[in-house]
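Next up is one chain by itself, shown in structure tokens, the form predicted on its own.
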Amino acid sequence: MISVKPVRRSETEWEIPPSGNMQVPVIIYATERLINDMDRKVFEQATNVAALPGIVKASYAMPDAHWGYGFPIGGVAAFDADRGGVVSAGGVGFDISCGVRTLITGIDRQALEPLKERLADELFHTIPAGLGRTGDIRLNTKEMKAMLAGGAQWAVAQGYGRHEDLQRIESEGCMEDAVPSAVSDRAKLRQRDEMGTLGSGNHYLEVQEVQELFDQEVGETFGIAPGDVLVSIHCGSRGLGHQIGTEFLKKMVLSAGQHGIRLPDRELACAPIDSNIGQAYLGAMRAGINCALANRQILTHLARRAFSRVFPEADLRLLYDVSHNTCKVEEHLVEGKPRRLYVHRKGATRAFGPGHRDLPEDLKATGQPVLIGGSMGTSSYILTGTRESEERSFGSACHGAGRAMSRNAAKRQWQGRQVIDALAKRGILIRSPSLRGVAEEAPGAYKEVSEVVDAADHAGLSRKVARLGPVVCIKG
């Protein structure tokens, strides 16, 4: 447990200087209110991350940071393989490549309102949601291997979407160097019947209205304006990703000693990047990313089908798809020199700025869309990446509001029916197979998302473009 408090460096930047086994400082981006409300375990976990071998520059925590497994959720850290760097399953998380994609429907709120109930029911009956829910897709061994290697590209080739969708997904919808054979049979079995499903927890499909536009020029480039109806899908790699994380965490704990790694916390289990276990995990984790990308692509296809039954004129063009819970090899400047780093983002979003070579040509002028999800009754946001974020956080920003209380605490405070009825009075329709799940994800269980987004904007991690309000939410 750390014995010092973060030192304020600016209005939204705080530092825990190196001490003890820390190799680098901890940098936290937050307002004073957010830092005061932050669980002290976040500081402890971020400090432990700063002690891992081969870490570069700093252990970062985003404005939505909260306690997680090993790394804090909202934690970012980069490691150099040439300097003994490690890869950590706890630094990626169990829901590998959990992420958000946002679609532009081409209709406005006025057209939506009289058909809102019908659309909510159509989406609920089309999108499989909830714990253990399966879809209509059954993958055999050959199809599973192809999906894990091909991601959204595989899904589009199977007829689930459009080729132009791939230009608006990180890595063009397919993570290279995935190794399907590194994924266990147990993990594949868990995923066999779960493609095209939302899952449970904080996952959702939400119909939203653009309620406020902060940057007219970027809004025009993205193709959004006040009153427009959008659709956001938040989900990940389902049971497959969880199984990968569970299995490799155990392997990394058992192998730490033989690699001379002294773990400050068993939950920070890791392995040298160039070790057999490190390489096996990276191959399996990349396959997990592809699973999540394929899953969101199939859900997009299902959403388009549901919309077409109610709004034949709706187009549902993909704005962007961003992943959280990943480890990616990227080149970043460190002390003025480019270095190839393994960037862990756990509950954090990639936020590359204007001109970045990894962005499609039509987004290079604005920077990467950064999609920040709310929780049913709260706002969501569209932001854009900045060049400053590449200097301050390896091109990373927050990914959501961040939990303010545990799921058990939320269930003690709210009942699912109570939440649904309260939101209905505000014109927000909820469809869910689980009242318990709705209670766990009650809007009050999360931090104030607008303050988190303002902190990210002020710190230069990303810039606000639009605020979205929920209209219909399909919850797992």
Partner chain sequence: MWEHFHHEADIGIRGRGATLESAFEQGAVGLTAVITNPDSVKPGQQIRIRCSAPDLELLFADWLNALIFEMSSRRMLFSRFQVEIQGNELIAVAWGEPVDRARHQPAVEVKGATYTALSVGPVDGGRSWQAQAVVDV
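For clarity, every value in this text was computed on a predicted model and none was experimentally measured. Numbering follows the first chain given and starts at 1.
Form predicted together with the partner chain: not shown, discussed below.
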Here the chain is shown alone; which of H125, R340, R266, R309 has a heavy atom within 4.5 Å of the partner chain in the predicted bound form? R266
Residue within 4.5 Å of the partner chain in the predicted bound form by heavy atom, from S434, T31, S450, Q418, is S434
Any non-hydrogen atom of A225 within 4.5 angstroms of the partner chain in the predicted bound form: no
I'd like to know whether D165 contacts the partner chain in the predicted bound form, with contact meaning heavy atoms within 4.5 angstroms. no
So in the predicted bound form, does G260 come within 4.5 Å of the partner chain, heavy atom to heavy atom? no
N408 near the partner chain in the predicted bound form, any heavy atom under 4.5 Å? yes
Tell me the stretch among 172-180, 287-295, 398-406, 328-336 that has any heavy atom within 4.5 angstroms of the partner chain in the predicted bound form. 398-406
Do any residues of 56-71 have a non-hydrogen atom within 4.5 angstroms of the partner chain in the predicted bound form? If so, which ones, in sequence order? H66, W67, G68, Y69, G70
